[in-house]
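The data below hold one chain only, encoded as structure tokens and taken in the form predicted alone.
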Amino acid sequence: MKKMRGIVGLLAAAVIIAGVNPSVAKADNPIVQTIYSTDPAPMVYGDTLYVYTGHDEDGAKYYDMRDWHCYSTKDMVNWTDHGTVCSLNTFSWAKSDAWAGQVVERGGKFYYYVPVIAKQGGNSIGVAVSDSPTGPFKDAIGHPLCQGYGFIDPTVYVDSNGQAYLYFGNPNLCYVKLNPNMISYSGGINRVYTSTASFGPYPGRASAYEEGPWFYKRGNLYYMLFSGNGIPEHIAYSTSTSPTGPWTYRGVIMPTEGRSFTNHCGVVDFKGHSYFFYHNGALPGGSGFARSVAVEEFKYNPDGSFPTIKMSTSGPNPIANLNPYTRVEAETICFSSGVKTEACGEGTQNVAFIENNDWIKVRNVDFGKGAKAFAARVASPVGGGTIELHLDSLTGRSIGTIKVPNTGNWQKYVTEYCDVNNVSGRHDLYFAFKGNGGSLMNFNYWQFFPVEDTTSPAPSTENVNNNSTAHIDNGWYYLKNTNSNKYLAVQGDVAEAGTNVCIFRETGADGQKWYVENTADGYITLKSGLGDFMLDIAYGKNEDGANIGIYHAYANDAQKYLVKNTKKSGVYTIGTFVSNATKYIDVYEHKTADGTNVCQWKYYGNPNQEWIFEPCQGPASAAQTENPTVQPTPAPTPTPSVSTKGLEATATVNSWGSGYTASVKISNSTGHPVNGWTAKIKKSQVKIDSIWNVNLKESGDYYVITPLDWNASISDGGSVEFGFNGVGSVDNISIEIE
């Protein structure tokens, strides 16, 4: 199976494999290789630097730009791709030309000022807002903030006295004073009258100023950087002691160079270093309409002036190490060849369109005293090939290999593990993808496990499953987890199908009591003390992380378990029938806190997968027989119904020519927290092409949508959101919540 990908990845792969430009394999500039990126706008928030970019579409012969992207870093060498955060579709009144914009934070909100061509015609500046630096951004006012000839390239700065300024313009430089709400302005539009003295010489014009202003303050000096000198452009700058001038020309920062005839800059200080962002045409196929964002570190001269900055392929040095022992998004990349990214069905982004000989480099990974195991979250509807792990170069020492199975769908992910060999200290890490022709796999995230980590998936030598089946007599039990010394419990003691199970301190509640009944095929069922419900693997999925809850008792495959002995007497592991006892009842991430979720996970021999059956008195409502029989009943057939829980779903549809994006918000007004929910949409209404932040399956006439672990619970008065792309057109979406 082959997924279509753009020419950036194909050309990059072809060039490197063919050996035409081997230096590309060593380069760290441009910082984005999965798309052509433009017009960088850096912003520091907390301990992270974000850079917002435009996007030149693959194969463009002119400015074909439709959306804006965001990337972030903590170390200046590895960049995490946050995907499209704003687009022409964000603004119902916008038609084309998603050119250079900038984001600023104020009062905990993030404002994105962008130029577009309005549907009624003319250059326009819009403003979008988000509660997160990574979006999604939404149109803040429903119409242009301002319109006029040459109103492009907005740059924004909030001064120390709270006054915010928005500069923009080509060929004239203009500004407005933004009001504190950041979505309106006072005092009208002001034009800056340029001259040779203020913005440099250019024959036949008042000054060298062209476009692309970048406005900020350092110390007591205001800086106005700009693209100048006509075509091809250089980057120059002027300074002032006032935010509105007069300006004094200070000279050229970056001379004309590279394969792009335009340039556009952004400057920021981050963790004691100063960085200059720009774009060029350095990627294969690069040009003035196929540009790429790059960055250089620099130091101001003692008087505050800029040095001359030249383009490089090396980029900055790292200012921090990357920790491989926490979850790392696969789209965190220093450099890559051949791959692209896309919205992931599990949230965030995933690396996609991976073919044989593609690769990813992650720089300055600190393995410390050593790693013993590696895990990768992957998906593939074909024989997915392998991921080879190499140190320091693409052909460097191999430390392990992940085999990617057929998971049945591009967005159906599993976690695969491998041992790693003799790796410690700091190294560059390369993922080399191997397989047959066509697209191989999707890659969501990865993690190493250190040699001293007792929570590693590597099998424990102290207490392992000896693979012999144990027998537990029929009867009522508490199930005690040996890692936390807490008990398997129905969350909140809610007697309702679909309620999660978790671990919780001993309370003696009926939701902690389980009736074991042995079945004829050697398995057991576990009936809840809350009534006619059984411990149940959500949707009977054979995958790591599948949620476990209670559901109507009908003793099907999703409700059957195999108890196995360990080396410790009276301590057991509990395998699931749906995985053929290769996966086990597992406390999520080895946590011990009350309320930690319980799921299904591949066996790796640690105490969070070990349980003790403690006999207990059954609930008063239970039949007082020594061996009551749970009679299997047919699985209930899902029927559409309006939720009686007080959950409500609202959908917002943003359409374009051949499809649409739907954003769905589920709100809880029940008066109490809700743990677990299901949304259903009739197939006759929509045709879902891709979905994110939730699980999706088809059942009869319905799409059935269920949460991931992290958004399964909704607090009273709270809400969760997910979204999907569809093809065709739709006027209204009716969503049924259970």
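Source: prediction; values computed, not measured. From 1 onward, residues are counted along the sequence shown.
Note that the form predicted in complex with a small molecule isn't included here; everything after this is about it.
Quick check for you: of 415 to 423, 487 to 495, 184 to 192, 99 to 107, which stretch puts a non-hydrogen atom within 4.5 Å of the small molecule in the predicted bound form? Only one stretch passes the 4.5 Å heavy-atom test: 99 to 107.
Each of 63, 279 and 291 within 4.5 Å of the small molecule in the predicted bound form, by any heavy atom, yes or no? Checked in the predicted bound form: all three residues contact the small molecule.
Counting non-hydrogen atoms within 4.5 angstroms of the small molecule in the predicted bound form, say which of 428, 536, 543, 211 makes the cut. Comparing distances to the small molecule in the predicted bound form, the residue within 4.5 Å is 211.
Scan 238, 263, 512, 350 and let me know which has any heavy atom within 4.5 Å of the small molecule in the predicted bound form. Here the answer is residue option 263.
In the predicted bound form, residue 152 touching the small molecule (heavy atom, 4.5 Å): Result yes; residue 152 sits at the interface with the small molecule in the predicted bound form.
Flag residue 38 as yes or no: does it have a non-hydrogen atom within 4.5 angstroms of any non-hydrogen atom of the small molecule in the predicted bound form? Output for residue 38 is yes: heavy atoms within 4.5 Å of the small molecule.
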